[in-house]
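Presented as structure tokens, the chain that follows is alone, the form predicted on its own.
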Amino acid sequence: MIITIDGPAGAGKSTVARALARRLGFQFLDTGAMYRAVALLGMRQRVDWERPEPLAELARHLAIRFVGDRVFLQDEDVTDAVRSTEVTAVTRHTADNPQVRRHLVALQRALAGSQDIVTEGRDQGTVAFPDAECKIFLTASAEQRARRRLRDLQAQGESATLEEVLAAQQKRDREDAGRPVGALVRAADAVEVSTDGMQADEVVDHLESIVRRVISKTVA
């Protein structure tokens, strides 16, 4: 069974998707980390961001693996590195690259295989897994999302203000909605869930109840 969780940046997708996967005994697929990993490699290799081919080549040979909540490139743990503000600022170049998206969507499907998975991102229910049995669109108010992102940055030792994070988020929201490929769109058959005023455990409880209902209908 495939469960997709899409939604805007800062909605808490990664946190609740991981927790939901653990509760269900499913595998977790962090697709956002994949685009960030390509961006991290691009930074390290000083690629020309305006040239799509070198980025596509990096995506084609991306040696990424997930071990629990950690993200590895080869044997290097890049979990924190791919979430840095520097990588966030250039990830749009990989997300907007049609060749990169094609390679990574194929990789996502290969990683999923025939496993039971929870996958989160921006186009999981619309592009990567349009036939997923359960689709969720997770959202929250702009300020709520910005506060969550600020806490994440502070936990990584980075300094920022709420105003700076909110401005960057608004810019990303505009970019995500207007992307030529993989734009953020709620799948027609996705269940929309707002996380405003909810703790992470409460969100996971709610999502689990949605999934359990789908499973019961499938079994019936």
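When you see a residue number, it is the position in the sequence shown, counting from 1. Keep in mind the model is a prediction, meaning the values are calculated, not measured.
Missing here is the form predicted in complex with a small molecule; even so, the following discussion is about that form.
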Open item on the list: I'd like to know whether residue 135 contacts the small molecule in the model of the complex, with contact meaning heavy atoms within 4.5 angstroms.
Closed with: no
TODO: State yes or no: in the model of the complex, is some non-hydrogen atom of residue 195 no more than 4.5 angstroms from a non-hydrogen atom of the small molecule?
DONE: no
Task: 4.5 angstroms heavy atom contact with the small molecule in the model of the complex for residue 84 - done: no
TODO: Give a yes/no on whether residue 186 approaches the small molecule to within 4.5 Å in the model of the complex, heavy atoms considered.
DONE: no
Task: Proximity to the small molecule in the model of the complex, single hit among 99, 139, 91, 79 (heavy atom within 4.5 Å) - done: 91
Task: Residue among 117, 71, 95, 146 with a heavy atom within 4.5 Å of the small molecule in the model of the complex - done: 95
TODO: Would you mind picking out the stretch of 61-69, 34-42, 162-170, 186-194 that comes within 4.5 angstroms of the small molecule in the model of the complex, counting non-hydrogen atoms?
DONE: 34-42
